[in-house]
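Below, in structure tokens: the form predicted alone, a single chain.
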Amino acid sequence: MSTRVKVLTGITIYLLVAVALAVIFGSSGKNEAFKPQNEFKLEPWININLAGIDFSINKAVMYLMIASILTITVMVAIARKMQQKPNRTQTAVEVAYDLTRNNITGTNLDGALARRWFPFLAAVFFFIWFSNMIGYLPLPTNTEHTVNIFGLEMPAFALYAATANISIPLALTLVVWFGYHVEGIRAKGVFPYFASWLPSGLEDMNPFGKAAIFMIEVVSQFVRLISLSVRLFANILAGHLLLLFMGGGLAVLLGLSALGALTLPMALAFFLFEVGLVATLQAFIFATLTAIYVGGAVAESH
């Protein structure tokens, strides 16, 4: 029996079992009480309002604190335990260092500029990576549903990622956006920097044409705020939604418990895909685009 036939046979048996379970257990009807969107609501745990600004502590703040602590603690601890003969942990860290130093920073920035921006690029990469990774660890953050543990009502375990909230990627993007503009102005001066937004070869073009091209470049600069933040936010949010629905949310929402037998293996596949690829890839893309924008801001030509 060929591999193709084995795969098709396995899929067929799998679907037949799912259909049989649906027939046996039936459907309890659509669950109107289940609200999947509530998994991403940020209810304040500690209300803090200063001058009309909400500084309340919620689960997003907790995840940011965890990611920050992990980034600082892990990097400092490993730096203090570097050995001439590296162990497995140090080898993995050296691979990550090579990724951030040579692939992300070295291929886009040169000389003193690379040395100046490397700490920031590495910090951005590892902070986003830790934020993404802990988002796939079940933590007691679901205050809407509680569990009784020895008489104490504790929040239920749930999956959540700070980067699945648009405000976090947008805040990181704003830091990057202002940072590379400041770098460009420092390297070239205010007027030469903005003049460099016009491509070469426009010397004979009339002023209105130059103004139109300049405005297109201005718009593209602001579009970067959207593309850089939304790319990270959308990918992490989509991954968590897939896990939520495939892991049982869809079966609960439709009131069809047998559907869980069909979607649970998909949830496991999505989970491995998100942890093994997406979490690292999105951190890599964000840090790489940051390096590209910094390099483009100081480049001599457009």
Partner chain sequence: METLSQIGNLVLTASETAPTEEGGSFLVSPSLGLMIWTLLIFGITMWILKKLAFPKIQEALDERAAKINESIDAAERSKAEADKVLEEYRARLKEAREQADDIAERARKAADTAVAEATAQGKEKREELIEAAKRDIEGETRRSLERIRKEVADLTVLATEKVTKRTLDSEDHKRLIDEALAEVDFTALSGSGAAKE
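Numbering follows the first chain given and starts at 1. Predicted, not measured: the structure shown is a model, and the values here were computed from it.
Below, we refer to the form predicted together with the partner chain, which is not included among the displayed structures.
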Whether Ser56, Ala60 and Pro86 all lie within 4.5 angstroms of the partner chain in the predicted complex by heavy atom: yes
One stretch from 132-140, 94-102, 210-218, 191-199 that, in the predicted complex, holds residues within 4.5 Å of the partner chain by heavy atom: 94-102
4.5 Å heavy atom contact, Ser167 to the partner chain in the predicted complex: yes
4.5 Å heavy atom contact, Phe118 and the partner chain in the predicted complex: yes
In the predicted complex, Ala158 touching the partner chain (heavy atom, 4.5 Å): no
4.5 Å heavy atom contact, Leu237 to the partner chain in the predicted complex: yes
Contacting member of Ala112, Val182, Val76, Ile226, with respect to the partner chain in the predicted complex [4.5 Å, heavy atom]: Val76
Partner contacts in the predicted complex for 63-83 (non-hydrogen atom within 4.5 angstroms of the partner chain): Leu64, Met65, Ser68, Thr71, Ile72, Met75, Val76, Ala79, Arg80, Met82, Gln83
